[in-house]
Structure formats: structure tokens, C-alpha cells
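Just one chain follows, in the form predicted alone, and it is written as C-alpha cells.
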Amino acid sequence: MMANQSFLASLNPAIKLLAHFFVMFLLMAISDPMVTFLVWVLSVLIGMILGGWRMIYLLKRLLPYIGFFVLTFWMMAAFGEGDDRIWQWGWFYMTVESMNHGLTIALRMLGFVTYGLLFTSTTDITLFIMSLIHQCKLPPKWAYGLLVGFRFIPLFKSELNQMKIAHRVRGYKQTNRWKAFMRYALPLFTQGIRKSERIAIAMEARGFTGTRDRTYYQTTKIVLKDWMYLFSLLLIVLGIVIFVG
């Protein structure tokens, strides 16, 4: 997760996550494809206006999920049940009910992805962990463990690239994928254990005990604009559900 300079990036991560979770729960209860489509369009508009998204960025992130969207719609629509049949070919048949159900499920999946992307693309991981500590009362030992785990991901990626380059320079070629996986996984696993032990020793040397009674370099607070975003988003979504559905 990386934050940008948009309005959403300035919001409290815990409140922003809560708002998006509420919308996702409402999406699970919506059975109208038009309402589901409008709720998804709302997430795109929020990302473009308040999240600093560009159309190229949005297309790059959503393009891999278009295939899942088509497959989900096809599985629900072409093998569904209903009386008002509108298309048939062989053992495939599509009804109005199955088509609406397929569109609802596919758009719901796309909505989950977009609202999740709306959170991850505008949230700093450190501020998110701090908000879990201060607003959600997560124990610091669990919170800092999550933070270290997230920090290890780019380190593993860079070390994997270095290992691949080193093997390529030495002329190593492995056709067996399982053996290649083990050749890369074992060094990464051992290095991860060594780094985790070093981090644990460094934190203990600096007096980290995992208790709540400690000072913080960064703190997060809930301000008026956080509540305004939460209630505005819920009101808009509820308005779409009531007046369109």
C-alpha cells in the first residue's frame, strides 16, 4: 500500500476502511444489477475525483479482472434458471433472471476490487498500522508484526530479482519449475528468518515490550472530514439503493 497526495490519502485509514467495508456489506445485500452498477460507478468517480486516479492507472489495475468478470457472468447467466428464456445454444441457455443474477454477481466482484483498490492506493501502510493501534486498539506487538511483514514483501522481491540475475550471469537454466522454486525459496526463507531475528533483537534492545503504555513517533486522530466522508459515502449509497432499486 502506498499513499498519494489526494484527499483520500489525508483521511484516517481506520475510518476509510470502515466506510468501504460498509459499502461492501451493502453490495452483498443488493440483488439489482443496475443498483450494483451505480455503486461501482460511484467508486470509480471517487477514485477519479478524490483519489487522484487517472484513467490509465484505473485501466491497468482493472484490466486483469475483466476476464474474471466475463467468466463469472457467463457461469451465472448461461447455466441459470428462469422462465423467460432469451437465448439458447446447445446445452447453454440464458434467461432474464439468470442474466440479471450473473450481472449482479460479476458487478459485485468488480465493486469489491475497486473499493479495495480505492483503499490500498491511497493509504500509507505505516499510518494504517498506527490507526489500528490508536483507533482500533490493536495490541502493538501484533501491529508491529504486521508492519514488519508488509515491509518484508518488497525486500523479498528485490532479493529474488538479484538471485535471478546472478543465476543468469552464471549461465544457470532450470527447466523443472519445482526445482527452480525450491532453489529460490530456500535462500529467501533462510534470509527471512535471519532478518526477523535481527529485527526482534533490535526491538528488544530498544525497549520494545509490546505494551500499550509507550510513546509513538506517529499518531493518528479522527477529525471532522473523516466522519464527513464516512456518512456522505453511506448516504449516497443508501440513496442509490432506495431511489434506484
Partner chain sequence: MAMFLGCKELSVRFYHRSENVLTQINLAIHKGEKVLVLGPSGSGKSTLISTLAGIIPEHVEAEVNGEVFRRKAVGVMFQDPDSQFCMLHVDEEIAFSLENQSIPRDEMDTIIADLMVKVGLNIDKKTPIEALSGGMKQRLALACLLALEPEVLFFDEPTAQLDPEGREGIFALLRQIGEETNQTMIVVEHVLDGCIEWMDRVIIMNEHGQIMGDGEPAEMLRLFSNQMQEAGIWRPKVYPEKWDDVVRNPSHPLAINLSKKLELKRLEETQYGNNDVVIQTEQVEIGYGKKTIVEDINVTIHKGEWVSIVGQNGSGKSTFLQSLLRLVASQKGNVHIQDVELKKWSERDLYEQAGFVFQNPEWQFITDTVFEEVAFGGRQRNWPEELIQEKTKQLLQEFSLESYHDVHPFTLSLGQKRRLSVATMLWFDQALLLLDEPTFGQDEKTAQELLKRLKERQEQGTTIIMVTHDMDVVDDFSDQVILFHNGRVTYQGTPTGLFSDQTRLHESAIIPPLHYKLMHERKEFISV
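Residue numbers count along the first chain shown, from 1. Remember, predicted model here, so these are calculated numbers, not experimental data. Basically, rigid core = biggest C-alpha set you can superpose within 1.5 Å across the two forms.
Quick note: we don't show the form predicted together with the partner chain, though the next part is all about it.
Open item on the list: in the predicted complex, does Leu107 come within 4.5 Å of the partner chain, counting heavy atoms only?
Closed with: Flag for Leu107 set to no.
Open item on the list: I'd like to check something about Tyr172: if you look in the predicted complex, is any of its heavy atoms closer than or equal to 4.5 Å to a heavy atom of the partner chain?
Closed with: Tyr172 belongs to the contact set for the partner chain.
Open item on the list: Check Phe73 for me: does it contact the partner chain in the predicted complex (non-hydrogen atoms, 4.5 angstroms)?
Closed with: Because no heavy atom of Phe73 falls inside 4.5 Å of the partner chain in the predicted complex, the answer is no.
Open item on the list: Taking the partner chain as it sits in the predicted complex, is Val41 in contact with it (heavy atom to heavy atom, 4.5 Å or less)?
Closed with: No, Val41 stays farther than 4.5 Å from the partner chain in the predicted complex.
Open item on the list: If the cut-off is 4.5 angstroms on heavy atoms, which of these, Leu59, Ile193, Ile66, Met203, is the one near the partner chain in the predicted complex?
Closed with: Looking at Leu59, Ile193, Ile66, Met203 one by one, just Met203 meets the 4.5 Å heavy-atom criterion.
- [ ] Have a look at Val113, Met99, Leu132, Met163 for me and say which one sits with a heavy atom within 4.5 Å of the partner chain in the predicted complex.
- [x] The residue from Val113, Met99, Leu132, Met163 that makes the contact is Met163.
Task: Threshold 2 Å Cα movement between the shown form and the other one for Arg54, core superposed - done: The answer is no, as the C-alpha of Arg54 shifts between the shown form and the other one by less than 2 Å after core alignment.
Open item on the list: When the rigid core is used for the superposition, does Val70 move between the shown form and the other one (threshold: C-alpha shift of 2 Å or more)?
Closed with: No, the C-alpha moves less than 2 Å.
Open item on the list: Taking 2 Å as the cut-off, check whether the CA of Ala200 shifts that much or more between the shown form and the other one after a rigid core fit.
Closed with: The answer is no, as the C-alpha of Ala200 shifts between the shown form and the other one by less than 2 Å after core alignment.
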